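Take a look at this one chain, the form predicted on its own, written out in structure tokens.
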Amino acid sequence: MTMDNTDNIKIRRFSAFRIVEHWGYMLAFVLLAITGLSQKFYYLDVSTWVILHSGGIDYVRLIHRYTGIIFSVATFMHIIVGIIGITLKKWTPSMLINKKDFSDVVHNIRYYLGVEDHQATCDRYSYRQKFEYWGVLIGAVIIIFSGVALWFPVFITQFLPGEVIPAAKVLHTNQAILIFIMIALLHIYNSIFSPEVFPLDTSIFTGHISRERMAREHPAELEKMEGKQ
């Protein structure tokens, strides 16, 4: 823990690695969204503008594909680091969904209906964060493999039936739009427009979170850190 100039206790929540990782994902997501959606909705004026100012459709496709490579490497590195950390370094698998998460859903529904007098007590990550995380991660893996099939259709159809390619196109585009909507509606709202963090949740950029917010949003984790459990 550290103290800032306003004597507000700050707690380290994210490592430098996670901060850099988030920046990489954020930049890759923006590039993939712009280049992917401009190809999907090519008939829109904004898509025409993007394509023309990117040097043409061929350059848009190149940017999309090579950004996809960076995104794929980062995603599989994220998965591998997580597996190694949990199995070898004995990290707490704090992102795994468990029975308590479903109990928390029911608890919070009861809270919103006025039956409970307080919200569910969350640990390092709430059920909302876990469900969003796994939705995006599984969707990302689907996008990666379907993207490979679309990039190398001749190679893929040497091992799989030809119907895989149109199926991959449907999966790739629809899953990408779904993730875009999830990021735009859920993640951006929770990180920027939510009254609890507005105008911006800076924890993923600074790596720190205030103790007051920690006590409010992650009381179970705070109790562990302070030796109260």
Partner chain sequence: MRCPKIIIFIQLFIIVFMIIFIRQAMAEDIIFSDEGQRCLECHSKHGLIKKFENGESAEAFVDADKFKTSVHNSLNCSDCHTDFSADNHPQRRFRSKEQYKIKSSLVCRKCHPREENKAKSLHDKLLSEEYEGKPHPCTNCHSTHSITAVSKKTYKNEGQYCMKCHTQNLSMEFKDGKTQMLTTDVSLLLTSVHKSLNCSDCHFGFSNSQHPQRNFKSKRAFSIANSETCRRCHYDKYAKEMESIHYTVLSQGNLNAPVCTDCHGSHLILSSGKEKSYITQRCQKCHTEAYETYAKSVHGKALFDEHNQDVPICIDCHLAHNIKNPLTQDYREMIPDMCSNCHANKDIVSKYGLSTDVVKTYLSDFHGITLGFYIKQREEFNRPARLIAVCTDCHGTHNIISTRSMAPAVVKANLVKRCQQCHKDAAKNFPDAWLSHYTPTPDHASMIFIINLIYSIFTPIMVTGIILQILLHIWRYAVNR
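Numbering follows the first chain given and starts at 1. None of these values were measured; they are calculated from a predicted model.
Omitted from view is the form predicted together with the partner chain, to which the following refers.
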task = Have a look at 200, 181, 26, 70 for me and say which one sits with a heavy atom within 4.5 Å of the partner chain in the predicted complex.
result = 181
request  = Could you tell me which one of 145, 134, 102, 111 places a heavy atom within 4.5 Å of the partner chain in the predicted complex?
outcome  = 111
message = Does any part of residue 33 reach within 4.5 Å of the partner chain in the predicted complex? Heavy atoms only, please.
response = no
key: Non-hydrogen atom contact residue 64 with the partner chain in the predicted complex at 4.5 angstroms   = no
query = Applying a 4.5 Å heavy atom distance criterion, does residue 127 contact the partner chain in the predicted complex?
reply = yes
query = Quick one: does residue 154 come within 4.5 Å of the partner chain in the predicted complex, counting heavy atoms only?
reply = yes
ask   = Taking heavy atoms and a 4.5 Å limit, what residues of 22-61 are near the partner chain in the predicted complex?
value = 42, 48, 51, 52, 55, 56, 57, 58, 61
